[in-house]
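Read on for two forms of one protein chain; each stands alone as structure tokens, with the labels structure 1 and structure 2.
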Structure 1
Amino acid sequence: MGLESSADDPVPVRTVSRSLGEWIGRLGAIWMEGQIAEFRPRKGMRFQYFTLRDTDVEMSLSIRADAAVLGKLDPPLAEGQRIIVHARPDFYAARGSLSMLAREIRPVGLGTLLAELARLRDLLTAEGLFAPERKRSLPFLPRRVGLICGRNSAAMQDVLANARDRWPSVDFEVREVPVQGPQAVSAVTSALTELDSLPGVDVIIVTRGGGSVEDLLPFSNETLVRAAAACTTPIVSAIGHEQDAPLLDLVADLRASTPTDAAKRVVPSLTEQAALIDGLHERALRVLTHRIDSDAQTIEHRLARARGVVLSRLDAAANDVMHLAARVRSLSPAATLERGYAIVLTEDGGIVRDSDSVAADALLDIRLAEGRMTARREG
């Protein structure tokens, strides 16, 4: 149903514009959902314009609305609001510009948003996106830490300061992105995918400070959550305050309560590890010295016992010798000598029993009870 045309038989602009207007018109009036990206009210003008952006992707439409239509809104229209609009396409042929003419605008109330979020949560849970088995464990010491956070946000400072405090040489790959409003979903999603593809990045932290439910909504957005689920790099989610629980928390591999907590979970503490090692080292030393002490003691005991045995053996031996010596003495002539007798021996040791057997002048050896002496025969 396109227009016939060729280089030789071109079609005038008016024909193209009219055709466009006709085709566009066929869309008719529809209900659309989106988020107000830009809205600058123009005082006193009947028609106001604002940009309605898709909730998930980088696509927007210009909306034209009669002041009367806007007047009904309470709270009045404001940037960042989620709304649903009943509008029909309005092609301004003169300049070939398209905008949607809004007939009715309804804010998407918090209740609707939360209901929508709950429905999404059940859907993703059923799909097993939040299943514990999918959770990846964090590396003990990541080469580089991916960090997705608000531009120069306190959350960013917390993560950087605490991580560097624990592990001074930690290396970061920071992506400062809008963390609320219409751009948040696509910005965070593309940062996630990009960091996930970087080889050196071993863990990614997604963090932002506290905020309203609307502010945190992007972190429960289906596109963003599915992108997080698709990442192979472990993700740490630290969104909002303790009690906030965006869907990103459920799909992340680890939920940290605060940016500081995230930093603590991602890098080990150098001082703690050093202390741990010192502790182990000391325990090892203690075990060793204890072991040596007890061995030494055992040796001391054994030595003492050995000495005891030897000394008692010596005593017993001394007794034996004493007895033997006493025996020898009692069995020998000593007893007779003690009674005053003496034994006379010749020089060659023979005992003299007959004076005739001793020549005159012969040298004699006389044994007494105590000691001995020599004598020479006179008579």
Structure 2
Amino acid sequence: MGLESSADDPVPVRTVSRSLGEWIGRLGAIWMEGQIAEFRPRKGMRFQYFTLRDTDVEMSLSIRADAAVLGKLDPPLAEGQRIIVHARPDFYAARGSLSMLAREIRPVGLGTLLAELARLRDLLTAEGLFAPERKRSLPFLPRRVGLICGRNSAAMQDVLANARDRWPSVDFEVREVPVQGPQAVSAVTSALTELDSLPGVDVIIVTRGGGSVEDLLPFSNETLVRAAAACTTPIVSAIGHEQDAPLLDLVADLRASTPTDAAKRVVPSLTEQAALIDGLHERALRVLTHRIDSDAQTIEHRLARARGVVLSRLDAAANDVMHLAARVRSLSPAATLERGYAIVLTEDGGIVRDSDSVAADALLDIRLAEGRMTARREG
């Protein structure tokens, strides 16, 4: 039950502090897993303090451990290490502070980490987050490239230098964040969400250099992987070296083997594109020249054929004219006259067909093949 209190009857601080201690104490000892965010060993002190942070969200607890408990660890406790702790809550009523008193600490071994990664990979695969049909094509020439990388890291310099060497005017929106340790997941996830919301960013590169499996764990974190899957902007993953394969590689739209490779895959080469254009221009010129030559030969061939057809038809027409002329000549009166006949005409030009039609003493015009003469009818 809650404490009864009012403005007229307030509860003393000691009562509230004791009640908090009682309520917290009901939790009992529990096993929990996390990553060591802060650890500053104090020599000669019985108790050591460190901060255990959740790898998915910005939440942490203060842990108090006896030197004897810490002495059993191999390797020794260090920042960034993932551990499993058996502890009970320890509320210091005098100052109202809460910590967890560690009874046992176990490092999370590589085998355990790999088994957890395999389980998560199978889970996300079953959900379809790594399916090829989800992959989006990268733009040919992005207006602006989002870049998530470590602060002043070699990976950042590799991407920027190689990208600008290929296309000098390329624009970058850079987010320098922790890429290792307990703050990496939340920092990279926030940067990814922010860049995805910017309308001018056409592609996002997430990169860092190589490292151990533990160093690259943030890029296999379920929260980060799901955030990447939810992005609408194409994502390029360039984490570690060729042999490294964090889960972010599987959900990204493109996996680059190195930061340098990421720059080459995202930004086209101005030199290569210019050479390609020159090559296409030369090829087009060759094709066009060949086409013109081919068409010219075709036209010349067709003209020759047309010329032959026209000449053939002219010859045939000339022969037809000659035949028609011969026929006309054979049917004309001149041809008859040439055979020894004559045409007798009256004085007024009429043709004489009957001797009775000509009066006595009438003058007659006789037309011969060569010349003509006049005659008079007698009798």
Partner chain sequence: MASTPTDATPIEQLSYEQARDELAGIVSTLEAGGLTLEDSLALWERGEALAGHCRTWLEAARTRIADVEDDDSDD
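For clarity, a rigid core is taken as the largest C-alpha set superposing within 1.5 Å between two forms. In this text, all values refer to a predicted model and were calculated from it rather than measured experimentally. All residue numbers here refer to structure 1's sequence, counted from 1.
Structures 1 and 2, same chain in two forms; the form predicted together with its partner chain is found in structure 1.
The two forms, fitted on the rigid core, differ between the two structures by 2 Å or more at the CA of residue 289.
Positional change of residue 28 between the two structures stays under 2 Å at the C-alpha, relative to the superposed core. After superposition on the rigid core, the Cα of residue 47 moves by less than 2 Å between the two structures. Relative to the superposed core, residue 366 moves its CA by 32.7 Å between the two structures.
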